[in-house]
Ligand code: ASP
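One chain comes next, on its own, written as structure tokens: the form predicted on its own.
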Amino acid sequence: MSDFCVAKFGGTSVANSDAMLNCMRIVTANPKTKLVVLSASAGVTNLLVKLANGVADEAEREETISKISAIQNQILDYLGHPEAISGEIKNHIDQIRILAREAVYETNDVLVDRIVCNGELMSTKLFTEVMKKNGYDAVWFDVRKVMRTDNNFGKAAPIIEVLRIQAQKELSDLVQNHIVITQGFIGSNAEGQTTTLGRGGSDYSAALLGEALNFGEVEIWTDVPGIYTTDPRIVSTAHAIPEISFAEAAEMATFGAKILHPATVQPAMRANIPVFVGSSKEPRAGGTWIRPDTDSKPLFRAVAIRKNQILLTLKTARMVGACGFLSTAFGIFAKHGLSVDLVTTSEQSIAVTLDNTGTKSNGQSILSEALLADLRQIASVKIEEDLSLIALIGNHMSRTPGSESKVFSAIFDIPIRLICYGASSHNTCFLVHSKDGEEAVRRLHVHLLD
């Protein structure tokens, strides 16, 4: 393993020229940083998704494209509008315009990925020029050359072994001699078609590239200084966690801590790579280190909330004393590319939760008619929406007497729709109505973490 570092910067960190200059200073302050992974500039992906879903009114379509252009032009103003990069950005805008017209008549996941990838392609090209303008040896690299994925457009899965081979072939020598600037979130399938890894996939891209290149460190630079005990917008006394284990971080990311994409920890765990999370706006404010293990193992570490959850209850008398019903049900979810979070069962029913925050790049609901039709072939289906998943993260919960009484006494008068406990000693999860979600977080934080 080398001592090189891959640094990832989110959309707010590359929102404009001033933000990009902050990123440049962070990158160049660490001589180990050899690979930089960027999201699209803040706001651009949402505008591209809007176009990809079809904007029939031409004036509205052009206004949306103008907003995207304005974000790029502000950075070009700083650069002085050099001909080469100005031409490249114009080509991207022209391509967006052509594809946006296509989306009016018919859109699909393939077209969405072709449109939204332009955000990352533009931000990385502009950031490369910002680096060069200030005298640094930066080179732009198209990550689609190495980030091989399957054909699940909108939420593609990387093919790890192919990624490793391609990264070693295309990037190993390049990072030895330059600072390489590349994209998060996007990849390509075996046919060379552009794919995306789903919203928030840039964190995941950075960790995957760090693993493939045997780097010694991954840095995730965002707009907050580290991982907090909970969302500080909900609880004012929330505070940054100096150090957290891979296992705890994986639970937090999975169950709602938006500071990390849920899959980010997986490559780091496989390769034993420490991950640092910090603020590009306040790089000296410190942050959170995610490590294989930590000396500190508190019973309660943090509380996370994930809103916009769906509860599906499948009920049938065929479950009673039968074998294979769960396998059939989960086979249907797998067929439709869905990951189930929480599960509870009774003699005649199974209840599962699904995350409806927009697992694909286009942000559309995951409850398709095809999915429901398949499920109704095996059971009656009850759908409950407008729910929030609360996850309490910590250590040794299921082995510590009295821990659950502390949890539920804090929220004794809040109705709980579902509880999941025991599969992991690192979490206790439960489902509440959305109107009660933030209040549950506040009470748990006050009683267990303040």
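Model, not experiment: these values are computed from the prediction. The numbering used is simple: start at 1 and walk along the sequence shown.
There is also a form predicted together with this ligand; it is not shown, and the following applies to it.
Look at 378-386, 64-72, 38-46, 414-422: in the model of the complex, residues with non-hydrogen atoms within 4.5 angstroms of this ligand sit in 38-46. The closest heavy atom approach of G200 to this ligand in the model of the complex falls within 4.5 Å. In the model of the complex, this ligand lies within 4.5 Å of some heavy atom of E120.
With contact defined as any non-hydrogen atom lying within 4.5 angstroms of this ligand in the model of the complex, F185 is the only contacting residue in 169-186.
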